[in-house]
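Just so you know, structure 1 and structure 2 below are the same protein chain in two forms, each on its own as structure tokens.
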Structure 1
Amino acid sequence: MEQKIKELLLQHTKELFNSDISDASIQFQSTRKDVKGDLTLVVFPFAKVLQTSPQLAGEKIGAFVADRCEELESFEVINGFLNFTFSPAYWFNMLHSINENETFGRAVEHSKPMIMVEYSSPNTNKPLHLGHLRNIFLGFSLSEILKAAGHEVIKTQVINDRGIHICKSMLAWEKFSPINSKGERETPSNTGLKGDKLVGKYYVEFDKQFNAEAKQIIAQWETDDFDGTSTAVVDLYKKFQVALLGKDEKAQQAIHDKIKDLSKNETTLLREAKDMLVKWEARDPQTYLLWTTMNNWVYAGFDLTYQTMGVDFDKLYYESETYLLGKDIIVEGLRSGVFFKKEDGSVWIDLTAEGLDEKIVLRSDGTAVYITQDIGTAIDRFSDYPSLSGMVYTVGNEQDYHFKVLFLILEKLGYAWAKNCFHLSYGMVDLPSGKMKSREGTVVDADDLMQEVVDKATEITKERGHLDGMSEQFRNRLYQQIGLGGLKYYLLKVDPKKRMLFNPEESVDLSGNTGPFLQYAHARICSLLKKEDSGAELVLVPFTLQHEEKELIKCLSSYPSIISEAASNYSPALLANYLYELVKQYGHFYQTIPILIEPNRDVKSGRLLLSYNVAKVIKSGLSLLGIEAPEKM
């Protein structure tokens, strides 16, 4: 309808305005609740063109549209806003067409270009935490939304399975894992620990031992004992000690930090880890076997977590397989002059003309840095999927600069698709106690958190009853659906770009603007339809629409445009807020309009069908958020 009026105005721009008007000057918005009308046109731009008051301009446009648009029942101009009211028949037909369309809201499959969405991309040393949850739910939901908007979507992650940090946990496991009576070291199967948790434990253990050793070294240095320390390090240490004298506290702290770093490099543990990395790069069989074994433990652990989350991936990329790819590109770019080499052999790109800095792309020893492999991975992906048109990286906003540089480099290398790469930069998740810090043990573990919300849902659902006749299996599934639904909704309803506060208490709330509130509305409608299940098919016969019914239909009718808006803004939050709005609208309808006790059969089945379609959209919308909609709760 909006489209129709817009076209009408554009086609008759000459006779109406006596001059050209731009597409952008036609601004529609939904009519305020307290004003009569279904759609509002902002008149101010036209008042200017017509050089009259907004009131007169509005009257003129309104009359013009009314003459040519039979769906229009009336119009009214208030304060420079032209409010159109559509006929009851228009709204009834709207309901009819929504009802006919089982996949209402979804665009034709594969009608839009293929997009790859990257999310999760964890470090194999650290179990998934709250920050990952936001990342993963966001990425998954966005993928679903893009699909619904007509795109073909490839969900992917790149697994950070290479580097010195991996060697740290491998080394710690070899050195510090206790040996049981059968002569085995700790494994997931003999400890019952999840693989990612076990490996994470040894990563922490490494850090602990490593810091202790560094401390010892400093203590040794302080007694003027430099046994086994190279003269270069001793000189540096002495220099720092001198620098400590007569400085303010802040400067002293900085120097102490430098000394700490110095001592860390002197630890045998770090040396051994570095040796291990060299062995790994040389494909030493024993090291490689350990690496494979431990990584597989982690993957099994992650898989379990992903399963609980209800997310999946279409294609995985491993850094260990892609880290070499970028290097060839750099060499090529060096030849074509995109990059330049410094005296020490390191390779850089100069982005000062773009307002950024110089950025290193290859170390002086020829090894790859972070961005090198990102360049390689991106190019690799486009060759894996020749019809791929763009990519979305779901990565935290602390990497804004990195992606700015990455996309710029890809563009300079001449890849046309670089401009279709988008960094879905999301804000950090804070706790009421402040930032999450692994050092201080304030990290919220993903598995623990999910268990917690499910437990809470279990407790409250049991309290309420309503579970008669449900099997144990059904109940457990229901608790999962409610708990996780609440958690997902809690994390998704906030604009991704913004940093958000995670309040553990609120995240398990079941009332208000929450996931279970939406699920509840769905369950209620299902129960309503079940009660009426008389065997006879419900038919939609024209009936007089009440105000609440019209408002509901209006709300339903905007679902498709919400999906495309959420897709083009990369924001599941828009969809979440829409669903909440719809459910509130339905709650009001449900409370004021009788349904099952309505005596008129046509009106009754009309209301049931309206309810059915609301449930349909709730279920569909929730599924795009990765949330399930139970039929009973």
Structure 2
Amino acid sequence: MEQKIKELLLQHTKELFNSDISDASIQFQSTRKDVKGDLTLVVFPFAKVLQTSPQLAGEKIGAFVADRCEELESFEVINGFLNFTFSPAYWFNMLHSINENETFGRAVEHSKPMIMVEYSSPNTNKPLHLGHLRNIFLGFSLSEILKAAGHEVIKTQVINDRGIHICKSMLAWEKFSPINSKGERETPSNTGLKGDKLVGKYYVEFDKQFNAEAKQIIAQWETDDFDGTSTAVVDLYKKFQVALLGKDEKAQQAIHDKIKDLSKNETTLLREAKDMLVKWEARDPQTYLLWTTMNNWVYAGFDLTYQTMGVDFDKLYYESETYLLGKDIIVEGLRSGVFFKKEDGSVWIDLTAEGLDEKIVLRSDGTAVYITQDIGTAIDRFSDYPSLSGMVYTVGNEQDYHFKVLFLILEKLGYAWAKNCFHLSYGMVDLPSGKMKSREGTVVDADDLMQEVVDKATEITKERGHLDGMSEQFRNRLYQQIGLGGLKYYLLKVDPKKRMLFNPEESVDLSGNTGPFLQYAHARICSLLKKEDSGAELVLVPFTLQHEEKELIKCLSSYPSIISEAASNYSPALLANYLYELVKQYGHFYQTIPILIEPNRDVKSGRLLLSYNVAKVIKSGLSLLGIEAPEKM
């Protein structure tokens, strides 16, 4: 109806307004719940055109639409807002249309441009953790929503498989992994430990040994034992010691931190890790074999975690293959004047005119920085997918500045698609216990957290009962669906921009704005429909709609626009909270309107079909959030 009224006003603009009006001036909004109406038109822009009061302008427009739109039952103007009320026949026809369309809400497949969505992008020195969960669920859900809105979507990740942090795990495994009776060091196969957890274990072990060695060096320095330490480092240490005198506690702590950093740079472990990185870049066979072996352990572990999450990717990129991609592009941009070179030979771009800073893109020795890689990777992706119109990067908000710079550089290099690149910036996830630290091993492991919510779902579901007649296999599957559904919904219902506190127990609660609450509503409707399974096909014939039925149909009818809005705003939270409102609306309908005991066969059939379509939209919407909808709970 919104589109019909808009077209009506645009087609008769001269007749109605004696002037042209723009499409943008026609603004609709949901009608306030405390006034009568199904759709509201903002009148103020037209009062100015008609040079009259908003009240008179609204009445003129309302009468004009009413004469030409048979679906309109009445209208009312209140304080410059024109509230339209549609006829019962309109709402019944809407229900019929929804009922006839099994893919209701979804746009025509591939009717919109191709978009690439990047998410996850883990490091291969540790397992996935809680922070990754929000990232992955956001990226995957947005991909599904964009598909439902008509886009062709390529789901991708960049695996950060190179660098000093990777070498730390490799070195620690070589130095500290125990050897068993067969002469073997620890591997996933001989320990039964997932590969990503095994490698992560040695990343933590490196940091433990690294800090112990640094502490020992400081202890030697404190006894004036500087054996093997360069004169420059000794001089700097002594300057720090002098600087400590007369300082307050906060200033002393800052100086002690500098001393710690100084000692860490003197450790044998760090030197060996740096040497290993040099060997890796030189493709030393032994180092490269170790790197390949340990990375493959991690990939196998990641695959199991992704399988549990129920997410996938269409294309993988590896940092080890992409980190040099941007260098040639930088050199070409230097020739064309996009970049400039400083006296030390480093290459920069000046973004001060855009309110940013100068940004280095090549070091003085010609090596690439992180943004160099991102420039090359972005261009490479458009080469891989020539039909690509834009990209969405799902990355935490600590990288906001990085992506502003990246998109600006791509624009200055002449890539028109850069304007269609978007950083899906999200806030961090906190726990009641505080922040996570990978090096200290205090991260909340993704596998462990998923198992925790499944265990809590198991406990709650068993307490409720209702499991009679279910096989053990079905029950275990149900516990998994409820637990992961609760986890995903809890992380997705919050606006991505907001920082959030995650509470595992709240996530699997069967009441309130939770995934299990929505899943239970779906299962309850399925149970209702099974109770009425008399063998006769349900038929939708006109019946008198009650207020609760009309409001429920109205809520259902907004599903396509919610998908479109969630896609255009890159926000699964809009869809999540719509589903919650739909379920609440159905709960009110279910408590108020008789269904199975309704004596009129046509009315009963209509209410059952209305229930069926609510379940259909719940299941469809949950699937776009990556959540399964059980038929029995």
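Keep in mind it's a predicted model, so treat the numbers as computed, not measured. Just so we're on the same page, residue numbers count up from 1 along structure 1's sequence. Between two forms, the rigid core is the largest collection of C-alphas that superpose within 1.5 Å.
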Revision key, fill the gap. In this pair the form predicted together with the RNA turns out to be structure 1
Point to revise | Post core alignment: residue 60 C-alpha displaced by 2 Å or more between structures 1 and 2 | key: yes
Check your understanding: Does residue 561 show a Cα shift reaching 2 Å between structures 1 and 2 after rigid-core superposition?
Key -> no
Review point. For residue 620, is the C-alpha shift between structures 1 and 2 2 Å or more after core superposition?
Key: no
**Study point:** Distance the CA of residue 234 travels between structures 1 and 2 [rigid core superposed, Å]
**Key:** 2.4
Review point. If the rigid core is lined up, how many Å does the C-alpha atom of residue 20 shift between structures 1 and 2?
Key: 4.4
